[in-house]
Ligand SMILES: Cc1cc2nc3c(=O)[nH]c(=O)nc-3n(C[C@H](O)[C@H](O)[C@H](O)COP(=O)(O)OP(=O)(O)OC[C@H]3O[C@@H](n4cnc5c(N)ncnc54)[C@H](O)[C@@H]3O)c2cc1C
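As structure tokens, one chain now follows by itself in the form predicted alone.
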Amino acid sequence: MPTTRSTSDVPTLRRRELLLAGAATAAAGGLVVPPPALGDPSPPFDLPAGIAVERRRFENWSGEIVHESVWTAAPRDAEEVLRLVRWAARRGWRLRARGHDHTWAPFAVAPGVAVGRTLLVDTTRHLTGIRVVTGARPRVNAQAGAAMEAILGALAEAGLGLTAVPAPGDLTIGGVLAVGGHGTGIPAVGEQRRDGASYGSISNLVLSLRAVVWDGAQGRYVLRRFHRDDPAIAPLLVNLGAAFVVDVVVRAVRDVPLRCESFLDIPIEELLAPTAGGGRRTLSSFLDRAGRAEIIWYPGTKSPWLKVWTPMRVRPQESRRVEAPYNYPFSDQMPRPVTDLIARAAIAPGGLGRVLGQVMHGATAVGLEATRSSDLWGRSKDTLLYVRPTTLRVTANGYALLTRRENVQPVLARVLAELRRAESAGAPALLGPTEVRVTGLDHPGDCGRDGAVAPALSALRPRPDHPEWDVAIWLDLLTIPGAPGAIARMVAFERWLLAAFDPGEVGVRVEWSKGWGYARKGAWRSRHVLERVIPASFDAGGGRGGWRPTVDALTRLDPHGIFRSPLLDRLLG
């Protein structure tokens, strides 16, 4: 029987104790025991044999969702996940897949909502297997709890990689697929897309996946493999946690080393000028040259931190070779007590907040020089992964603006103008950077599978009525949790963004993992956004994969709502 180390002083419960609890509750001999009330701290009872359960603390990335004690199980394989799901269906419990808790949106558990009948399923303890397959069509088979850093490391050892990936390495592949995780990058001018490469989300690289779903003929939940040319896979590729994916096969490509250059001397007005050309150092000029760029603009500063990645098979003489990720220790190796102290000082009246942006910019400039990190070269994963759990914790909104490549400059110039307008009007200050990335869209054929379908709920799903839209501008406004006036600022910005652009030129979708749907009390609370804006953003343009058909498909795969959460109940209905 497995042993499980508990993170609380509540002992791990074994099957015998659970059976005794179940027997006591079912003394009358009933076959199905009514579930406890939502806030009841009673333990789950009658769990499948051999699966230990314990109370564990849950805290999301920004620290805004904290539950001190949530029942958590750690199945050892897919069959044990299936047994847990069948148990939950019988007992009236909900299961939520748990990774490394690097999330903002409350798809797993919600703040201030009792979790007494929710069992978190830790995928990171045992469901971490990785197997790389080389050859003409390379791929990686990974269990849902495998971390992106581990997957990319295994690929790198075989000379393989992925075109664009999220910056944090402590994300599980299951979590990345759930929210349509992405990196940054589009083809540079003259760059030819390699077979199996995608400039969209990681979900668009999936060749097949296995999930626990309801089988109506059998009248129970089963493990089923879905292939990319099966329309039934579409709602699972980005599932918001409304399904339990246990393993996945992802297409890979031959890795090409990247040179990553950092710039701190380009004024934001030049970088985001309304038009490209004229010798100006605009974002579009860097995208044309390298295809891969990211803007981190600290508040109260004139010039952002611009990172530009250029594919280069041979190391430039002036670049420093790196052989491991996380090469910005000045920003990603701060102990948690230090980051907490910075956050408290930033939001205190008359505190660090008014100069935090300048301090961060100065620390970046000094850090890049001291660590010789302004010009790096190495395997793609060693330059693309740069966010650790020891980075300053912030909260963020997130949106994807689908448009034509030539619209990148005018769209971002309007965003900059709005930020400047709000600032001059006395809007509450942002205590974190504004971040910009540009990616391609999720063209299903990129994975190399004939008849592949698009991820139905991906923010990067192409619009059939706008085939000319070929990029997405990702826009995030970050701040310190609890910053004065932050919610009001996010409400105002979201309202502006949703109405600012001609819908024939720009389509706006939310970034699932971040903050959106802002109302007076915070994110994910606006009925207008949840019930109208989001569904309309996926219905617009027609084609396969509209909002209601996708929601209905997810419901058919989980008619008992085992994988639902309070947010999913409101969002999916």
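Model, not experiment: these values are computed from the prediction. Heads up: residue numbers just count along the shown sequence, starting at 1.
One more form of this protein should be noted, the form predicted in complex with the named molecule, which is absent from this view; the next part is about it.
So if I measure heavy atom distances to the named molecule in the model of the complex, which of the stretches 149-157, 410-418, 107-115, 129-137 falls within 4.5 Å? This holds for exactly one stretch, 107-115.
Among R228, R379, R98, K307, which has at least one heavy atom within 4.5 Å of the named molecule in the model of the complex? That would be R98.
Which residue among T163, T479, N239, N204 has a heavy atom within 4.5 angstroms of the named molecule in the model of the complex? None of the other options qualify; the answer is N239.
Looking in the model of the complex, any heavy atom of R320 within 4.5 Å of the named molecule? Close contact is absent here: in the model of the complex, R320 is far from the named molecule, nothing within 4.5 Å, heavy atoms only.
Is A243 a contact residue for the named molecule in the model of the complex, using a 4.5 Å heavy atom cut-off? Residue-level check for A243: yes, a contact with the named molecule.
With the cut-off set at 4.5 Å between non-hydrogen atoms, does H102 touch the named molecule in the model of the complex? Contact check for H102: yes, within 4.5 Å of the named molecule in the model of the complex.
Is there any non-hydrogen atom of G200 lying within 4.5 Å of the named molecule in the model of the complex? So G200 does not count as contacting the named molecule.
Contacts with the named molecule in the model of the complex, stretch 422-437 (heavy atom within 4.5 Å): Counting only heavy atoms within 4.5 Å of the named molecule in the model of the complex, the single contacting residue of 422-437 is R437.
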